[in-house]
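So this first bit is one chain, no partners, the form predicted alone, shown in structure tokens.
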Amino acid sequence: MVEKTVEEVNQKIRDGSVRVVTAEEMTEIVEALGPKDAAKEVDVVTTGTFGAMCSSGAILNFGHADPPIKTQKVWLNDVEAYAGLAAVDVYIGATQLSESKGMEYGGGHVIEDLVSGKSVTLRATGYGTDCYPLKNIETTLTLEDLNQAAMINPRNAYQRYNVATNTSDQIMHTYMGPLLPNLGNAIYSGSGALSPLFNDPTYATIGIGTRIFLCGAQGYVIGEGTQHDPKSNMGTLMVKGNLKEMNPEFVKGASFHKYGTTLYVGLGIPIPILNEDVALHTGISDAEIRAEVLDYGVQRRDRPVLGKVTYEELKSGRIEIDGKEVRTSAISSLYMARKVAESLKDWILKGEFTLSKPVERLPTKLRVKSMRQTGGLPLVKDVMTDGIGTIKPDVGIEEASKRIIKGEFNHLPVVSDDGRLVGIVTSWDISRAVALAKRGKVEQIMTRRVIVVSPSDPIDIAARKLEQHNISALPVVDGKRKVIGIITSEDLSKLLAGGT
């Protein structure tokens, strides 16, 4: 039985006899030697991940102005930071958006700018007191001008991610990137076998006080991350590091089109090989790590699971969903994850980084709960108009105009012979056709790309779709795309006004 201690491993680091490999190298070693002999051969395994970690940010202390100000509102490069900490302490979150640039620039970019040595404009207001008389200030500062700048990230290093795809007929802009319609692509994140938490899923060596690689500097695990769900292999970490010591190569602000901003974080954890059980876990391969493929075309928290795939399949560039070959891509960087693991390995081999024993282990039995909602959200089925008329695409325009006039509504869903929605025609379409003396069939004037909702969708989703696409009605369809009703902007207006 192989048994080592963290102190013994650190002594090897100090005397230069330590054997360090990356997690990818360890996979091959365990496969070749088995976990027992691998534990004898290897002392430390380095891991790495580099991806969008939205739950990131930094606490900054500016120092006192003269005369002093107790900041109530603070902006850095026009990105608002939370000022409810003290007079000149703020927390800037990676996803906070610029008030002038919107989704093109945010808190993640401010953090990158500071780490890169750029000047940042500080604008602040206060309400004025006897000891803090100043009410407004504007100045420029760099990272070196700050007293403290601590990166404190509530949720980093997700153990694994779900794979995102989209079965709807509309492109979707998400935190996983743009999802093309009709299973046009599948997007994943995470480094697979290099993932820190997959190399120590029982938290035998990772806990509060574990020293880590964080954005090119030494940082620490300070607790389990928010939404920590180890029972589902979706553990997370809360981490801290000194912004002033970080390398801009490993911290990058980013903007996702029509979603918002984030921060790419490079994070690596050294795993001391204390025994063969730890060695066995660090020998995990991409073929052993599975992820669920979720349909983001369904806008609910409990999105349908379309299947399970391995990281080996994901990294191949192709997976199969319902018999269809779907292209895959990653929003994380395997190249940078490897660079994190290699950099950490180099630090340890040079004796610049020693390991720390956790002062407390992380919980292993937590499960993530959904938000408790005391007020029930009205659903589309509670507001929609049912029993509406439909029309076939080969019906004449004149007949369509008669049905709209007779039915006293402005939208007429167009359905195929088996009842599936294939288009929609409106009173405006009819009026325009009549004005242009068109006498053809409905299929010539109908809109084919129809925005729809499900009867179980909250009305907020319907309202957003109406606003986003600048339309006045949405057909309500079931799982087989058969029309069961319609919801209009007028229906929503009545609801908000307290009508029925």
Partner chain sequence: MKMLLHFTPQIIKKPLIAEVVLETGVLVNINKATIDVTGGELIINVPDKDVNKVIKSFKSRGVDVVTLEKPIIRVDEECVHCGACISVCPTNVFKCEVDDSISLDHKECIQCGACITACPHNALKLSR
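Worth saying up front: this structure is predicted, and the values here are computed from it rather than measured. Positions refer to the first chain, counted from 1.
Below, we turn to the form predicted in complex with its partner chain, even though it does not appear here.
K.L.:
I need the one stretch from 172-180, 409-417, 76-84, 361-369 whose residues put non-hydrogen atoms within 4.5 angstroms of its partner chain in the model of the complex.
P.N.:
Selected stretch: 172-180.
K.L.:
Let me know the one among 71, 205, 166, 332 whose heavy atoms come within 4.5 Å of its partner chain in the model of the complex, would you?
P.N.:
For this set of options, the contacting one is 332.
K.L.:
Please pick, from 290, 300, 327, 135, the one residue with any non-hydrogen atom lying within 4.5 angstroms of its partner chain in the model of the complex.
P.N.:
None of the other options qualify; the answer is 327.
K.L.:
State yes or no: in the model of the complex, is some non-hydrogen atom of residue 161 no more than 4.5 angstroms from a non-hydrogen atom of its partner chain?
P.N.:
No, no contact at 4.5 Å.
K.L.:
Verify the contact flag for residue 336: yes if a non-hydrogen atom of it lies within 4.5 Å of a non-hydrogen atom of its partner chain in the model of the complex, no if not.
P.N.:
Yes, contact at 4.5 Å.
K.L.:
Taking its partner chain as it sits in the model of the complex, is residue 264 in contact with it (heavy atom to heavy atom, 4.5 Å or less)?
P.N.:
Judged by the heavy-atom cut-off of 4.5 Å, residue 264 is in contact with its partner chain in the model of the complex.
K.L.:
Closest heavy atom of residue 252 to its partner chain in the model of the complex, within 4.5 Å or not?
P.N.:
Yes, residue 252 lies within 4.5 Å of its partner chain in the model of the complex.
K.L.:
Quick one: 50, 185 and 257 and its partner chain in the model of the complex, is every residue within 4.5 Å by at least one heavy atom?
P.N.:
Heavy-atom distance to its partner chain in the model of the complex: all three under 4.5 Å.
K.L.:
What residues in 427-460 sit within 4.5 Å of its partner chain in the model of the complex, counting heavy atoms only?
P.N.:
Contacting residues: none.
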